[in-house]
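Presented below, as C-alpha cells, is a lone chain in the form predicted on its own.
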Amino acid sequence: MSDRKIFSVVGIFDSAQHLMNAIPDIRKRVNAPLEAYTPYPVEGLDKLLGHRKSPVGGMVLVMGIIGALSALGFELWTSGRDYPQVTAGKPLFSWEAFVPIMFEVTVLFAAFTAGLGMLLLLNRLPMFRHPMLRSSSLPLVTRDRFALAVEARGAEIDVEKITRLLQEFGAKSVEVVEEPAPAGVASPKFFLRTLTAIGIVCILAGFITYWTMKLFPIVKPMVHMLDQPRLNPQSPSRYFSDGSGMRMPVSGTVARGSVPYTIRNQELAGDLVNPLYRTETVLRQGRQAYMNNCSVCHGVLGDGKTSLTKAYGAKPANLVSQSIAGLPDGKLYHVIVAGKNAMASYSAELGEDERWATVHYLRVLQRAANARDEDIPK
C-alpha cells in the first residue's frame, strides 16, 4: 500500500437486499460515516445510512417566497412609482395583474435554488477529482452491483477490521480507495489556452449571430414589431361595419374611480357641496386651472376683461360680479362641467378635483374684488 491517505474501504454486494441487510450491523460496529453507491435509487437507503432529510424542499420554499415578494415589490415600484401608467382603467397598484410575473420569478428562484443548491452546496459538485472516480468498484456499480463505503473523512480507520466486517456481512469483494494526489498549481500555459479557447468561442458566436440576423432578418413566427398589423389613431378600418378604427366605449360603462355627472340643469346643481377644503394647496391647484383654461376669456382677475380681440364676438361673464358671487358652489361647478352660452364644457380638460378647486379660486377673486375693511392688514 502506498503512503497516501485512505479515503474509504468499499465492499461490493450482489443485490440491494444484501446491501441493506449489512448496513445496520456495520453501523453498530464501526464508528465511521457510511456511503452507498447504487445503479438505481433504493427506497429507504438514506434512512439506514443515517442521512438527514434533504433540505432542498425548505430551500426551494424560502427562495420561492423571496422570488414572489421580490417580483411584487419590483412591479409595484416600477408601475406605481417610477413609471406610473394607467392601463385599461386599472389602478397603479393592481397586484392581480402582477401575478404572472410573480409566478415566473417564483419558479425561476425555486428552480435555480433546487439545481444549484443541490449540486454546489449539498453534493459539492462538480468534483472532478473525487477518489471514487478512480476506483475499480465504480464501473461495477454503474452496471448491476451495489457498493458500501466506510469513509475516513480525515480520521484514522482500521482497514483490516472493516475489510473483515464487510466480508462477514456479504461483500463479494473489498477495495481500499486512496486519496488522490494533491493537485498542482495550474500552469500559465493552461490559463492561456483556456482564455484563448473562450475568446475564440465568443468571436465565433458573435460572428454566427451577426450573419444569421443579416441573412434571415425575419424568421417566422418571430417578426419585427414594426411589421405587425396595427391600427393607427384616426385611421379607417374595414373590420368594423361603420368603417371607423377608433371605437366608442361600451354603452353604460364608466371609468374606474369616476362617478358620472347626471345633473341636467344649473338649478338642480345648486344642492351640490364642494367636497374640498379651502387650503393653500387646493387654492394653488384652482389658480393653475383657472389661469390655464379660464383667464384667456374671463380675464386674470375674473372681471370679464378678455385678452382676445373683437373678432371673438362673445362677451365673457364678469365672474366677480354680485350676481355670480351669490351663486352657490354647485351652480358654478355645473357651468364648468356642462358649459353655458358660448362657453363650452371643460369636463374633458379638468378633473373633478380641479373643477372644485377652480370654484374655490373664484371665491378668492370675488372676495378680492369686493374687499372689506377687515380684509385690509393692519
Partner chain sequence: MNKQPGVRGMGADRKLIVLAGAGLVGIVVSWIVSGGERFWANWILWFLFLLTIGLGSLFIVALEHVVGARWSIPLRRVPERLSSLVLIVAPIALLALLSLDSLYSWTSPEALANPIIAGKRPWLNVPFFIARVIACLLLWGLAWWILVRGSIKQDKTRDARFNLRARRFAPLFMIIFGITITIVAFDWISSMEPEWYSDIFGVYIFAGTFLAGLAATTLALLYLQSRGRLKDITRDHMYNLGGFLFAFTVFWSYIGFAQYMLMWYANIPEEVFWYQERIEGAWGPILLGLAVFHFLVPFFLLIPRDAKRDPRFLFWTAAIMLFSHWLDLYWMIFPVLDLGPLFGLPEISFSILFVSAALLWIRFSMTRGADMPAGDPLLSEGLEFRL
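Please read these numbers as outputs of a predicted model, since none were measured by experiment. Residue numbers count along the first chain shown, from 1.
Below: the form predicted together with the partner chain, not depicted.
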Exercise. Would you please decide whether residue 96 lies within 4.5 angstroms of the partner chain in the predicted bound form, comparing each non-hydrogen atom pair?
Key: yes
Practice problem: Spell out, yes or no, whether the shortest heavy atom distance between residue 100 and the partner chain in the predicted bound form is within 4.5 Å. | Solution: yes
Quiz item: With the partner left out of view, is residue 164 within 4.5 angstroms of the partner chain in the predicted bound form by any non-hydrogen atom?
Solution: no
Self-check item: Contact of residue 264 with the partner chain in the predicted bound form (heavy atom, 4.5 Å)
Solution: no
Quiz item: Which listed residue (278, 305, 90, 284) meets the criterion of a heavy atom within 4.5 Å of the partner chain in the predicted bound form?
Solution: 90
Quiz item: Where does the partner chain sit in the predicted bound form: which of 287-295, 243-251, 199-207, 100-108, heavy atoms within 4.5 Å?
Solution: 100-108
Practice problem: Scan 61-77 and write down, in order along the chain, each residue with a heavy atom lying within 4.5 Å of the partner chain in the predicted bound form. | Solution: 61
